[in-house]
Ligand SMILES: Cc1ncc(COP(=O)(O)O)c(C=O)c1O
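We begin with a single chain expressed as structure tokens, specifically the form predicted on its own.
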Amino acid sequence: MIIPFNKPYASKNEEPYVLEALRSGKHCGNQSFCNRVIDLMKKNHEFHEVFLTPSGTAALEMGAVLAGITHGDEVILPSYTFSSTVNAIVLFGATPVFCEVDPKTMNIDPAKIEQLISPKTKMIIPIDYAGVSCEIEQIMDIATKHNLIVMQDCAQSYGSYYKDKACGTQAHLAAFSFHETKNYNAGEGGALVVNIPEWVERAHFLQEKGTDRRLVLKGVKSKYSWVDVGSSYLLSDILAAMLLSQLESESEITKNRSLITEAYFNLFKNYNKVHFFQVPDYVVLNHHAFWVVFDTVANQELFLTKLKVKNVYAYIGYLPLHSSEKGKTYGYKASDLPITEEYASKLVRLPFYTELSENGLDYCIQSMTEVLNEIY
């Protein structure tokens, strides 16, 4: 049996929905299926306004433009994140200021944020690693105190909750990903949630290449024109059709994925030399991923190698941005964020995909148990 690291899930209505979208002759963004997805997202999780984008990366970039990120600005974010998080602000000339993580979650440590704030700081971008919400209330309190914008990178946390509020509802802006590696996928796709009412109209202009085309479609104007900066931050209606079917299956997908989380927790609680993430009581998981940190780099490598022999494919986590080739150009070195560097070097992401709960989970757990017993 082969257990891949990830496998996209196919929900029951994808084919008929995609064919319907294809035959409609309306394939671009903000058509019927896009609107149905947006309505469902708002209904299920109470987002203020949703803009479907070609990717989570595009959502972050659109958010940066909407927030007015520009040359001379500083943005605080964790080093332990994907490159899209930081590219979204350096593309527009801002300087990243990397913050340490909390080793219990690998999310940004809110206790370390204020010491990084300067007169140039404009934004904080926390992420929700493995679907576990960042400490968004603390972060919003800090942002309010210092008059900063918060854009929450929710690429991995669609369907997760923090103190009974959906991830993405409390920050000024939130970016989701619907990449094929996520719980709900459109192959590629994303969404920007805008929770500041005064920013919504401008967001529509940015999404439509900086034009007020939306006002023409609404019958407010007879001609549209260039009114702002912008780009084509639009998801094709064909991909939205695929996404709608996925989101309609949210309860089923979450239930199946929860079985994988439970199995991994039950396995690793027996190995006290392996650290795994801790979920606060006030966080509800979407069961996106499961990660563990080994006691040594050598044991991490042994685990990965021995599992691969059994055709079980685990993976490393992010390589820290601050000590990467590009990060060093901003003056950082590995020792600047020792917690991030240490935990990232020994972290392993376990295979995690919806179908695993029904096909292969027993073999996966058996293989990991054998490998862990060989190591420890």
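When you see a residue number, it is the position in the sequence shown, counting from 1. Keep in mind it's a predicted model, so treat the numbers as computed, not measured.
Below: the form predicted together with the ligand, not depicted.
J.: Can any non-hydrogen atom of Phe82 be found within 4.5 angstroms of the ligand in the predicted bound form?
T.: Judged by the heavy-atom cut-off of 4.5 Å, Phe82 is in contact with the ligand in the predicted bound form.
J.: Would you check, heavy atoms only and a 4.5 Å threshold, whether Leu60 touches the ligand in the predicted bound form?
T.: Contact check for Leu60: yes, within 4.5 Å of the ligand in the predicted bound form.
J.: In the predicted bound form, does Tyr318 have a heavy atom within 4.5 Å of the ligand?
T.: Yes.
J.: Just checking whether Asn183 would be counted as a contact of the ligand in the predicted bound form - the rule being heavy atoms within 4.5 angstroms.
T.: No, Asn183 is distant from the partner.
J.: In the predicted bound form, which of 173-181, 223-231, 142-150, 236-244 comes within 4.5 Å of the ligand (heavy atoms)?
T.: Of the options, only 173-181 has residues within 4.5 Å of the partner.
J.: Which one of Ala88, Leu206, Ile113, Ile127 is close to the ligand in the predicted bound form, taking close to mean a heavy atom within 4.5 Å?
T.: Result of the distance check: Ile127.
J.: Given that the ligand is left out here, which of Ser323, Asn30, Ser345, Ser55 has a heavy atom within 4.5 Å of it in the predicted bound form?
T.: Spelling it out, the residue with a heavy atom inside the cut-off is Ser55.
J.: What residues, if any, in 149-163 have a non-hydrogen atom within 4.5 angstroms of the ligand in the predicted bound form?
T.: Result: Asp153, Ala155, Gln156.
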